[in-house]
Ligand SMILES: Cc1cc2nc3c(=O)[nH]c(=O)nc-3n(C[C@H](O)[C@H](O)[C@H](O)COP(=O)(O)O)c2cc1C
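First, one chain by itself in structure tokens, the form predicted alone.
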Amino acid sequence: MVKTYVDKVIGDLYVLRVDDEETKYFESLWYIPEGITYNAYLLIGDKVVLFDGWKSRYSDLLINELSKVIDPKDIDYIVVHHMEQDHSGSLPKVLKANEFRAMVLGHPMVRGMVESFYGIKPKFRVVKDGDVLDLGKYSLRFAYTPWLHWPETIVTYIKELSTLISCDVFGGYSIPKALYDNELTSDELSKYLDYARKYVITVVGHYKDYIVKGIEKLRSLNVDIKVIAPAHGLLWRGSPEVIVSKYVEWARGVPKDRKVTVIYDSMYGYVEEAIKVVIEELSKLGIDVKVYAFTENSRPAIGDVLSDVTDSSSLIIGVSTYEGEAFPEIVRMANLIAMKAAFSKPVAIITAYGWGGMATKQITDILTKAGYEVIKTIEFKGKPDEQTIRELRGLAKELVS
């Protein structure tokens, strides 16, 4: 049975959360066994405002939950922060239940997107960057936050509640056991932040520079933010500054001290033999080593790989030569790193070949164009010999020196 929550966040602001344990691949790409939530918000003052919605499959459920608080016909405004269907999918049915009385508010692009996505033409009003909508008891201040993570994305600040409704920004994967950050233990919160890092780099990673720009813009507004209410995951009303600082760290790829991520393939065990030598040496040095192996028995989730790349101090790539080029799964992984997690970090590449090939150069080219510095390459023919093993042992010290 699908779990839902309706709770008063602060003042007259309610959160409506649904837990999605059905979606296995978010955006049909990122494996999320941890699940995800969709959070909509309802403000009841002199006017009634619904902020965003749920995925279309949960439309009827959202209307049911709304009806526990108000009659959907009484909704005066619906704010669309972001048109992606995990937020806007419920819009057609909500408007139908509302008898299309509500005025939809959004970025200028939203009007055409609503029509093209859903074939409807609701009443619509454009909100400009910096606009303030006076609703009597409450006022809404809108800010454009482009490419977080679509061009039409906006956020809303409710001045009287010191609350930022942030849509995808400051969200995270997983289904937290509580609604709010200050209801989790430190261990639970730490685990949630791991899921949030994975969310940031997979969903917004390509536009990560806009995370920093967006946060700088919000800070320049000189508003007091006591509550952050995102569209996925935890609401932050205990320590909202935690998720803000973490987003900045992840966008910049700030490394944890002494953390190395190792990514490799091994068709017949030779690359794995070499990689194990390096891992053993790194472990002796007290390094936190995250290992992702593409072998005949394992296929790591690419979102988890990207997440650990984000806060690693350095990377090790182990790659087999396949038909004269780099093993396809490592090429794919390197391209995703370049697309989503392009940081300036040191990389070592370890390559096995049978008669020759371009595997090392291929991976080097992909990563260096993305900003990585390849500080060491080790190539060996067949299986690693004693000389290669000595080089591999030395590599561990080079990476952490």
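Small disclaimer: the values here were computed from a predicted structure and weren't measured. Heads up: residue numbers just count along the shown sequence, starting at 1.
Below, we refer to the form predicted in complex with the ligand, which is not included among the displayed structures.
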Just checking whether residue 321 would be counted as a contact of the ligand in the predicted bound form - the rule being heavy atoms within 4.5 angstroms.
yes
4.5 Å heavy atom contact, residue 270 and the ligand in the predicted bound form
yes
The ligand contact in the predicted bound form: residue 261, any heavy atom under 4.5 Å:
no
Residue-level contact is defined here as any heavy atom of the residue lying within 4.5 Å of the ligand in the predicted bound form; does residue 174 satisfy this criterion?
no
Options 350-358, 32-40, 61-69, 367-375; stretch whose heavy atom lies within 4.5 Å of the ligand in the predicted bound form:
350-358
The ligand: the contacting residue among 266, 312, 98, 156 in the predicted bound form [heavy atom, 4.5 Å]:
266
